[in-house]
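Following this are structure 1 and structure 2, which are two forms of one protein chain, each written alone as structure tokens.
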Structure 1
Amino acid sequence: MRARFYRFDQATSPYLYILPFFVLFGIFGLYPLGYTAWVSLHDWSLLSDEHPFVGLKNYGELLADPYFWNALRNTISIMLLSTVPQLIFAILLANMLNRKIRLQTLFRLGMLLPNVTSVVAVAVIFSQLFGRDFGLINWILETLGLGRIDWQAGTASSHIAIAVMIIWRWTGYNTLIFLAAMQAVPKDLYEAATLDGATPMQQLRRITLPMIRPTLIFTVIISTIYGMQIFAEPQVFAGSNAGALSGGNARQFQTLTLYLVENGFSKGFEFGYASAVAWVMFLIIIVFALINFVLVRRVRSAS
């Protein structure tokens, strides 16, 4: 009897340990996903008691809306401008912190400070820095004789300003993830490379990056997913203007999440249409995550 109970415990315990996660994921992850898909197939407005079934009509209207494609272009542009530099800076910082330097613990703790700061506070501060008339960035540009830039008015300039906010906030977080992975790389590899005359940069390219490949793939995918859901930075960057949800007067920095919220809560509470936007965003994120996964694996395998 005791042996049978032992075998039963061995067989079921692992599943019981992970069961709470899947229960919570089903309640807060899968159910909202399925319910949103159901709502997207209806003409669902909070201002109406009836929600007739319309099939794929919301998706057809969405794909024919030029504002949706504009929001998608803006999102991809801001994501690329923020994600690529952010990961490069994070790898370089992690490589530096992985070496013996003074005040090492202090610098490592400091990496977390931008991430624990409120995103609204970050966006407000950077919005002041990129202000047209009294911003610090424009003051420096004017001092250098380059002239002032209306960062909000232009498409490229607004994307750069928002990307800088994201880079500042998430570089430290990714640095600590890379640093944790680098700590697991055997030290004798670096000692052997040093004896062979390899420079620090060669050791980073030939030893560190191939050894932390799984972490690299993880951070690229997570950063891409976050980049596709940017909301607070562009909204606060627009300030208290009437076009906060439209991403500027000409929708020059409206992202997909701003477009979703605008249609769900600002244009007649059209939840059916907003749900269609959410599902298209979900599919786009899956496609980008798969592309990233395949590309990073191929690049790392080739190296």
Structure 2
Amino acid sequence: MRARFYRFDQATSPYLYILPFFVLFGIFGLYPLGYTAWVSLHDWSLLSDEHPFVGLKNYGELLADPYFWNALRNTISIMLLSTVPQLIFAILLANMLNRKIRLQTLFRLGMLLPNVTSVVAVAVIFSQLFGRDFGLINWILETLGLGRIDWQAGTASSHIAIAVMIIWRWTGYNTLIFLAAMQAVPKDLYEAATLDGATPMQQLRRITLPMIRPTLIFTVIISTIYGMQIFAEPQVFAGSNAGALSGGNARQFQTLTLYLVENGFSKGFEFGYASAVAWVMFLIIIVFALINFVLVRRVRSAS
């Protein structure tokens, strides 16, 4: 009897343990994603009870909408402006932290502090710093004789301001990830290179970067995915109730997620249309991930 119970326990308990994850994830994670595809094929407004099937009409309208292309351009621009400097800073900082340094713990804690601060808090603080009339950054620029910039009004200037918020929040986190990977690189490689007379910069390029390539790829892909979904920074930066979802008066910093929420949750609650936006975003993210993957394989087979 006891032995039988034991066998039953051994056979069923693993499934019992993974069940909560798969059930909850199925309901709240997987099902919504699939259902989004279904909704996107309908004329599905929250304000009406009828949801007629319309096929790919929403996708057609989407691709013909200049606001969609504007949002896509803005998203890619902000993503590049934030990801590229962020990763370069993170690699250089990690390379410095990977040496013998004083106050090691203090520096690491300081690096992570911005990441602990919430996106909304960061966006509120930086909106004030980038303020046109009373912002600290404009005051510094003016003192240096460079003149004021209306950060929110311009396309390039607003993208830079938003990118700065993202860079500030994520550089330290990525630095720690790179640092962890760098610490796993065998130390004797550097010793041999130093004996051969390689400069620190050469060692970074020839030893460190190739050795941490898997981490590098992982970080690029994760930052790209995060970059495609930017929402809180521009939403809070816009400030006023009216412009919050349109990303500024001229939509100069409306991202894809803002565009999605604007269509789904304010303009007539067009859930069908907004679902089409979600799926197009999903496809773009997959394309970006594939491009990263292919590029990396090219580099690997070339070397």
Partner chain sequence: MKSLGKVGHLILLGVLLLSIFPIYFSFVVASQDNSALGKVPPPVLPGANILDNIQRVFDTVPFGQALINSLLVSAAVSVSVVLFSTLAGFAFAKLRFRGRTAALVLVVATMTVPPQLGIIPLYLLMIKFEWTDSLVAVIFPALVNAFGVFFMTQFLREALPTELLEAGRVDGCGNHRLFWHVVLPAARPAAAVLGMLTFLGTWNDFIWPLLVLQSPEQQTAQVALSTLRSGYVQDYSLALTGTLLATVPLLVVFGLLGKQLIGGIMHGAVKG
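Because the structure is a prediction, the values reported are computed rather than measured. The term rigid core refers to the maximal set of C-alpha atoms that superpose within 1.5 Å between the two forms. Just so we're on the same page, residue numbers count up from 1 along structure 1's sequence.
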Form predicted together with the partner chain - structure 1 or 2: 2
Rigid-body rotation of the smaller part between structures 1 and 2, in degrees: 19
Once both forms share the same rigid core frame, by what distance in Å has the CA of Leu19 shifted between structures 1 and 2? 7.3
Between structures 1 and 2, how far the Cα of Asp9 shifts once the core is aligned, in Å: 12.0
